[in-house]
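Only one chain comes next, encoded as structure tokens, the form predicted on its own.
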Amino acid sequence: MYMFLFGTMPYVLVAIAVVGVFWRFNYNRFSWSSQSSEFLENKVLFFGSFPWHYGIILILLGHIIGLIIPGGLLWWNSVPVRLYILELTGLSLGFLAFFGLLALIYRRLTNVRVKALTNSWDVIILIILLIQVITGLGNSIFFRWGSNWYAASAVPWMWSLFSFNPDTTYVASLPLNTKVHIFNALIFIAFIPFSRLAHFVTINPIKYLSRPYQVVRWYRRGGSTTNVVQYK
């Protein structure tokens, strides 16, 4: 069972993501958009988007650093004070992301205009993200010193996947909550090409900074127009 879920399925789910991105970019390119709903409502969006993005990006960055230099992470945690600081920081960022995600879900469920633009993929992705954040918080709250066993167990498992020699014994010893957290992340990766999140895989920061302004026009009754708000 473990070999199937954590030794075979990671390759299957990542392959689905890669093929899906290729297919959508080449054969359904006009849907390649974030379909921004900022113009429909931006007050709740502000209070949801900022904590969500800052929280989740910093958490993801911490995971990446631990993946690249697990020895450095274990060295940092060898001093109790530094371990406490890291764990509390991760927990705080988790709650920040959780608050932002709840605000975004509330906005999508309660705002009529935003809800009209919501499709089934949006709902699926929000459920997956909610599971991911809740299980991540569960790891921090109920299973102490998660950064240590992340470096000692999860990271070796991931590197075994990269070397095409999956060793699921590392995952077998982890709590059920953590296994759900890991497998849910793989499902999220597989679903990216089929959601509005597909657009971020083509982000080009240099092109974004140099692109021309977008002119937004509001149409009045009677045919006249009022211009002139410009957005990057």
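Position 1 is the first residue in the sequence shown; the rest follow in order. Note that the coordinates shown come from a computational prediction; the quantities given were computed from them, not determined experimentally.
Although not depicted, the form predicted together with protoporphyrin IX containing FE (HEM) is the subject of the following passage.
Look at the candidate spot formed by 48, 104 and 111 and say whether protoporphyrin IX containing FE (HEM) comes within 4.5 Å of a heavy atom in all three of them in the predicted complex.
Verified in the predicted complex; spot residues all out of contact, no.
Just checking whether residue 99 would be counted as a contact of protoporphyrin IX containing FE (HEM) in the predicted complex - the rule being heavy atoms within 4.5 angstroms.
No, residue 99 sits far enough from protoporphyrin IX containing FE (HEM) in the predicted complex that none of its heavy atoms falls within 4.5 Å.
Spell out, yes or no, whether the shortest heavy atom distance between residue 188 and protoporphyrin IX containing FE (HEM) in the predicted complex is within 4.5 Å.
Result yes; residue 188 sits at the interface with protoporphyrin IX containing FE (HEM) in the predicted complex.
Test of understanding: in the predicted complex, would residue 60 fall inside 4.5 Å of protoporphyrin IX containing FE (HEM) by heavy atoms?
Although protoporphyrin IX containing FE (HEM) is absent here, residue 60 would touch it in the predicted complex, with heavy atoms inside 4.5 Å.
Even though protoporphyrin IX containing FE (HEM) is not shown here, does residue 137 get within 4.5 Å of it in the predicted complex, heavy atoms only?
Yes - in the predicted complex, heavy atoms of residue 137 and protoporphyrin IX containing FE (HEM) come within 4.5 Å of each other.
Could you list which residues of 125-161 come within 4.5 Å of protoporphyrin IX containing FE (HEM) in the predicted complex, counting heavy atoms only?
In sequence order, 132, 133, 136, 137, 139, 140, 146, 147, 149, 150, 154, 157, 158 come within 4.5 Å of the partner.
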